[in-house]
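Single chain ahead, written as structure tokens, the form predicted alone.
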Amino acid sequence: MALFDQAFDRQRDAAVVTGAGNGIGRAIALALAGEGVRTVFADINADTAGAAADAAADPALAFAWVGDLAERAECDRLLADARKRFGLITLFVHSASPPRREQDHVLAVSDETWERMRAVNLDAGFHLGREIAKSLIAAKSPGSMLYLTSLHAHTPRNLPHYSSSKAGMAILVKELARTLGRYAIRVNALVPGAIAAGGFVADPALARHIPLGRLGRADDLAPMALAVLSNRIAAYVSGASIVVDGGLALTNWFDPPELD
């Protein structure tokens, strides 16, 4: 059998992917379903969640779920609905994140915007990951989790709510990995660069800062995401942050924000 045949157990594995209506989350969710993994496409937008699930190679493997993960009750509803549909969830991808607006710099970002970014990125990421882990531990089953963080967990972005929440997610990955490893649950981060997808609209001129010479695409992330999630391919990888950015992290291209 080739190394990359059957990266997932189609009889056992089931996944929840947040932010699966567009961008990187959509690409990863479609790739999982393409590998025969039963997958929940969770998103706040009903139209995009439904369209993404409908695009799966086998729509029977794709379940569109709609809700606002800034609300704890909605996080719990997602888990309940996912388990009712597919049973034990063995794979978790947290890609959901509120839209970013360039005008929300340090002196302008509102309390509401700050709190919502934290609630979706960090609070929901922690709660969903922990609850999925509890079920895996009770079932004595291995599992794998993947969090989409950011280069700006370590580099200012002029969006303090975004960078701070992503920095929190980066250390959360390490905390979860350290605690859950004894239960054969691996937790890792995927760190995208300038990916022209989802809520990020990049200036094409940014490509001049990227050693590989182009902006990234959501599909650039999906193969690496599957490799890291697979307990067959990446069985000895946990607590890692894997950068997929075309080399962009080798530069710092942001100037300080313009202040009114």
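The first residue of the sequence shown is number 1, and the count goes up from there. Keep in mind it's a predicted model, so treat the numbers as computed, not measured.
The form predicted in complex with a small molecule exists for this protein as well; it is not shown, and the discussion that follows is about that form.
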Exercise for the section: Select from the listed residues Met224, Ala194, Ala234, Ala55 the one whose heavy atoms reach within 4.5 Å of the small molecule in the model of the complex. Expected result: Ala194
Problem - Contact residue in the model of the complex, from Arg100, His127, His154, His105 (heavy atom within 4.5 Å of the small molecule) - result: Arg100
Handout entry: Interface membership of Asp68, the small molecule in the model of the complex, 4.5 Å heavy atom rule
Key = yes
Exercise for the section: Answer yes if any heavy atom of Gly246 is within 4.5 Å of a heavy atom of the small molecule in the model of the complex; otherwise answer no. Expected result: no
Exercise for the section: Report yes if any heavy atom of Ser150 sits within 4.5 Å of a heavy atom of the small molecule in the model of the complex; otherwise report no. Expected result: yes
Exercise for the section: Answer for Lys166 alone: is it within 4.5 Å of the small molecule in the model of the complex, judged on heavy atom distances? Expected result: yes
Exercise for the section: May I ask whether Ile89, Ser141 and Ala184 all come within 4.5 angstroms of the small molecule in the model of the complex, judged by heavy atoms? Expected result: no
Fill in the blank from the handout: Per contact check vs the small molecule in the model of the complex (non-hydrogen atom within 4.5 angstroms), the hit among 133-141, 105-113, 172-180, 69-77 is 69-77
